[in-house]
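A lone chain, given as structure tokens: the form predicted on its own.
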Amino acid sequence: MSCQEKHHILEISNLSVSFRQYDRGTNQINLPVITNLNVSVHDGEIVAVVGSSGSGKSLLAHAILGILPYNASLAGEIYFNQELLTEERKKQVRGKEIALVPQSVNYLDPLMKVGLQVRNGDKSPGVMERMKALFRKYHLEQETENLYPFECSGGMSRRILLSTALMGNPRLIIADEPTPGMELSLAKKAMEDFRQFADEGNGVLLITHDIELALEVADRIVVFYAGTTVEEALVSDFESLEKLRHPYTKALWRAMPRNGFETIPGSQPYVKELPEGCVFGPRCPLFSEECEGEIPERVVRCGTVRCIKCEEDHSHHHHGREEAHTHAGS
């Protein structure tokens, strides 16, 4: 498996998001919620950003779409189709070339018929035709357009949200925790729909805390911890512990039911109390003084990792791949 170069639909480098807050009266502080995050999505690919809740993952979706709250500030660069995504361009592509499949079916307006919401009020023949075609594709009866959201099951509502996202013919779908509380068979069906969309040459950024579901459908997994990306790996790397790079990723692997539910002590630090250096340091078995310095992102075995202890083991087998990957997944 080589780390080949493909066309980037989305490329995020050194993204940081912080919030201005008042601390004790008029003293303003900046809370860093995302720091130096790197993610890329290529043609035909599902990339899952996996991390526990409270790690700032949803803010990543909002940053790409340009819907962050007024007191947020953004640094770093986001490229969509190899063009810089300025705030102005975000407005142009949002809901069209980049679509959000939101976390909750509560995004549907309870007082408006489904068809009207999917079409965004547009009754022109072309739009009606597109909606009908999407309903057929996702096994929604044509009568669905005359229903109110409360008359639709959870599975239907999810397919309605997906149809709504696809109305503008997007190149990239951002799915923000699209399957919470959904029974497994439905969640897998949702994932198959995203897989089909990616297989048609598009990109999906899946933001989720459900690593097992992500492993079933994604091509690459980006592991997110305390506001930063600690590892990016191919899904196949999760077949064995030896292929993984970061101590936190290995801890996630051990905590999966099929690997024995082994958990590690401690919890993810709150943004106000981030440790010096490595964010995972306080919980890491390999922690030493040098981990309190700057932790650069490195390419190791066809993936990236933010850890100075990660061994370049097997690297003699994989020589020559590393350079190729530097562009493909950076």
Partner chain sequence: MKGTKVQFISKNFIRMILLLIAVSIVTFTLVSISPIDPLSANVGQAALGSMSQEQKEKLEEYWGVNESPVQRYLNWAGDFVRGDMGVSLLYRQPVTKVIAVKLSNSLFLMAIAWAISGVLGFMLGVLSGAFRGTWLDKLIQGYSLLIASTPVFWLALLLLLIFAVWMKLLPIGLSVPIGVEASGVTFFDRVQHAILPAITLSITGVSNITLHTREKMIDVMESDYMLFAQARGESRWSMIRRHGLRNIILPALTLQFASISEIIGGSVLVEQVFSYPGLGQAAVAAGTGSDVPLLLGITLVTAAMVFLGNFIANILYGVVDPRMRKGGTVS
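Not measured: the values here are computed from a predicted model. Numbering follows the first chain given and starts at 1.
We do not show the form predicted in complex with its partner chain, though everything after this point is about it.
Partner contacts here mean any heavy atom within 4.5 Å of its partner chain in the predicted bound form, and among 204 to 212, 120 to 128, 183 to 191, 78 to 86 they occur only in 120 to 128. Interface residue remark: T229 is not counted as part of the site for its partner chain in the predicted bound form, having no heavy atom within 4.5 Å. Among residues of the shown chain, D109 is one whose heavy atoms approach its partner chain to within 4.5 Å in the predicted bound form. Within this chain, I295 is remote from the site of its partner chain in the predicted bound form, having no heavy atom within 4.5 Å.
Its partner chain in the predicted bound form is approached by H62, whose closest heavy atom lies within 4.5 angstroms of it.
For a residue to qualify, one of its non-hydrogen atoms must sit within 4.5 Å of its partner chain in the predicted bound form; none of R245, P275 and V300 qualifies.
Of the residues given (N146, S236, N259, S73), N146 alone sits with a heavy atom within 4.5 Å of its partner chain in the predicted bound form.
Proximity to its partner chain in the predicted bound form, taken as a non-hydrogen atom within 4.5 angstroms, holds for one residue of L116, L241, A133, A255, which is L116. With contact defined as any non-hydrogen atom lying within 4.5 angstroms of its partner chain in the predicted bound form, the contacting residues in 150 to 170 are F150, E151, L161, T164, given in sequence order.
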